[in-house]
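Here's a solo chain for you in structure tokens, the form predicted alone.
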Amino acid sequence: MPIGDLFKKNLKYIELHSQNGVDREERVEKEVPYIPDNLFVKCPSCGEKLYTEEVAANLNSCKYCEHHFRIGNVDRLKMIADEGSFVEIDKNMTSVNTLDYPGYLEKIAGYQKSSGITEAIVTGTCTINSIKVVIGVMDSNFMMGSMGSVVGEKVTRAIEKAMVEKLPLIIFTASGGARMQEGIISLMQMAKTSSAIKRFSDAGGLYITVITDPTTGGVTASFAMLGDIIIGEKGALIGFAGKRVIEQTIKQKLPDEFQTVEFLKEKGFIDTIVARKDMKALLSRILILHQEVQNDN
């Protein structure tokens, strides 16, 4: 936004004057500074105030401390997929209210309108530096990326497509866990997706998971942690139950860094931590190595 646009002339407002003990309102016109909404954002990690457009230009990361802000699947695909290569599958698949949970379909419709997507994951095919893959990207903007029957079905179909077409599979996870409005049906998706990944693995498929902030609950307990290669995006929160719940259960104080991607890397649960700006290059290198191994065989 040009600096000149921050000042709007002739903005009308009301001044209150007092004359002879009587308050009188008077409408005046003056040039006043105008600061639009969302011009700046505060980094939750280092506290610096950042110009929103600069954050976007920096792959939604803080230029001071490299804190990674949460992003949706549209921005994620722009960063990872070759331009114009993404082809979505199962686009119109949406939830039904099997358990007659009050207000569930209205909530779904609201999130579809506000997010522009039909569910908490988008799946499809794309190329990464000209290598074709099947890709899934979860989006925490849709019901906090919760996993219901549609998320489980879309993940399973993506796995099956990768198996049939003999393509590598990459899933970016971001989830608050199971979707409570679908009860046991939601929990069943853990077994469903895990079984599909086992079949894909037995067929010799390459499965890469990229864990982004936050990845918790049933997604962590299923397909997020079953990758042949597990990559953590810098600064991501990863866990199953909440830290406070665990502390109350085991009656112990947990480390401050507990459930951070750095903590899990130290304990051997993930293979590497990657900054967002380096993610496409790393995935490309892995895919090239995998392609060379397949050609040798």
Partner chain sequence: MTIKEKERKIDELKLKINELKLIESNEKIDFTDQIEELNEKILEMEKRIVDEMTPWDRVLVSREQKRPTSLEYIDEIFDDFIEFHGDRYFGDDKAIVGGIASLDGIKVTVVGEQKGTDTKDNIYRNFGMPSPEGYRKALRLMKQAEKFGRPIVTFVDTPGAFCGVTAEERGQGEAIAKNLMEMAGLKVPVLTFIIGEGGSGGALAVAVSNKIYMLENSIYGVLSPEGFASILWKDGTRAQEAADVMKITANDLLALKVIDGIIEEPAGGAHKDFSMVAGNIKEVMLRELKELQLLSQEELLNHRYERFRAFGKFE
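Numbering follows the first chain given and starts at 1. Quantities reported herein were computed from a predicted structural model and do not represent experimental measurements. Rigid core here is just the name for the largest C-alpha set that superposes within 1.5 Å across the two forms.
Form predicted together with the partner chain: not shown, discussed below.
The closest heavy atom approach of residue 82 to the partner chain in the model of the complex falls outside 4.5 Å. Proximity of residue 99 to the partner chain in the model of the complex falls within the 4.5 Å heavy atom cutoff.
Mapping the unseen interface onto this chain, residue 246 counts among the residues with a heavy atom inside 4.5 Å of the partner chain in the model of the complex. Residue contact check for residue 189: one or more of its heavy atoms lie within 4.5 Å of the partner chain in the model of the complex. Contact with the partner chain in the model of the complex, defined as any heavy atom within 4.5 Å, is confined among 85-93, 71-79, 165-173, 129-137 to 85-93.
Comment: the partner chain is not present in this chain, but in the model of the complex one of 117, 226, 108, 144 has a heavy atom within 4.5 Å of it, namely 226.
Shown here without the partner chain, the chain has 149, 150, 153, 156, 157, 160 in 126-160 lying with a heavy atom within 4.5 Å of that partner in the model of the complex.
Relative to the superposed core, residue 255 undergoes a C-alpha shift of no less than 2 Å between the shown form and the other one.
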